[in-house]
Ligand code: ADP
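There is one chain below, alone, in structure tokens, taken in the form predicted alone.
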Amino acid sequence: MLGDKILSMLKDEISQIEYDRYIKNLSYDTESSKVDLAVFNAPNPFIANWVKTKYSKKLSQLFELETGIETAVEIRIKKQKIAKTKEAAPKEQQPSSTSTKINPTYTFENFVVGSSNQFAYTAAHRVAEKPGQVYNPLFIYGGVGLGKTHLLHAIGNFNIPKNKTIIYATIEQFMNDFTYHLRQKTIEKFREKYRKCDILLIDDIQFLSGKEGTQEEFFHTFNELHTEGKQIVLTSDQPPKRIAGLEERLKSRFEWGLIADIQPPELETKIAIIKKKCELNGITLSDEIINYLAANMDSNIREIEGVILKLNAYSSLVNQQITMELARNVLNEQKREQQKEISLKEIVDIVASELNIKPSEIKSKSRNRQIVNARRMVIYLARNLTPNSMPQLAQFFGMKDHTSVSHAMKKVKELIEKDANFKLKIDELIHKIKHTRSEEL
């Protein structure tokens, strides 16, 4: 069967641990699949989300390599035959533990601890052991890719076997959920979900800024959970006091418990992280290569793992050991790809959507204040997120020369330094641009 063959091909390119834990549980759906669509069924949402996030693109490439046809890949959750009888089952037989999108690979055991994250790790572990009893809320903050989300999921994974009701969501998911139920006039269902859990894990709370209606709802959700002794854990890219556009009463409550920060890992911790990622993925790297990667990569742990997996894939495809030369080539390619993967059109479209103007207006000659401001924001974002030079940006916007681009950059930088709300908006746009791109890949 074609689907089984593709999974076998993937097995040769990934670690045995990942294959046994996730890929082995997939089944190819011949009835739903078509010439240009491959459908796999997963036994539960955890495996489905994990495979979709990490390997759907790779599976698509393998199908195209095997058949010569560009093939989309879908990962669906296998329907349970007992679903119809679930409602009639005795209440005591139904598991009361509920979790949402908890990544089973993010545990305390595989979190690499160093001086940069020791405090946050210890606090998270204590909260996992005694939810609602210590450090409530726990507020973890730090830069992108440093392990905040890992600790959230680790708390969830620690408590799933304890029959706890766990809710994990990004603040964006919380807001979307709230808006949907508000429109459907089913707000009680929303409150039943978020206010009746034992542990509430919320990621990227800084994006609650400026959302007055949702802040009101989250305030009451927080109060009810806290009063009932339920655990709340929040993450952000900055401490509560520095989140612009957040109500003071929320900032105050976020500081009731413990605030723990995660700093970029020092060299020794980055080396330990690379070794741990290699161990988990069944990849062997020499100490020389590990030290090279640690010294030449940024602190984003997800990007570090991406390079390790790419090294292993290249090694498997060409059937050769991972050498220092290969490591240098892959790292250089990774840096080039990071710059190329975001297009100017994507940035224009997202900024236009956020500011409620037309994309064509941003590229126009209009001197309307709102449009000029949007154009400057696009230029700033494009300069920082793409490899385009100032002359290239000038050409894209039909400007006379690069001095206009330089002027726009200067204006945005000045606003970022002076206006906390404007800085937050830029940070939010960067997040949305990168998030949109990661979903497409």
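The numbering used is simple: start at 1 and walk along the sequence shown. Just so you know, these numbers come straight off a predicted model, no measurement behind them.
A second form of this protein, the form predicted in complex with adenosine-5'-diphosphate (ADP), is not displayed here; the remarks below concern that form.
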Have a look at 281, 110, 165, 329 for me and say which one sits with a heavy atom within 4.5 Å of adenosine-5'-diphosphate (ADP) in the model of the complex.
110
Note: exactly one of 181, 277, 363, 226 sits with a heavy atom within 4.5 Å of adenosine-5'-diphosphate (ADP) in the model of the complex, namely 277
Contact of residue 231 with adenosine-5'-diphosphate (ADP) in the model of the complex (heavy atom, 4.5 Å)
no
Taking heavy atoms and a 4.5 Å cut-off, does residue 273 contact adenosine-5'-diphosphate (ADP) in the model of the complex?
yes
Should residue 132 be classed as touching adenosine-5'-diphosphate (ADP) in the model of the complex when contacts are defined as heavy atoms within 4.5 Å?
no
So, residue 305 and adenosine-5'-diphosphate (ADP): in the model of the complex, are they within 4.5 Å at any heavy atom pair?
yes
Would you check whether adenosine-5'-diphosphate (ADP), in the model of the complex, lies within 4.5 angstroms of a non-hydrogen atom from each of 3, 40 and 56?
no
148-156, 70-78, 366-374, 124-132: which one contacts adenosine-5'-diphosphate (ADP) in the model of the complex at 4.5 Å, heavy atom to heavy atom?
148-156
Quick one: which residues from 126-144 get a non-hydrogen atom within 4.5 Å of adenosine-5'-diphosphate (ADP) in the model of the complex?
143, 144
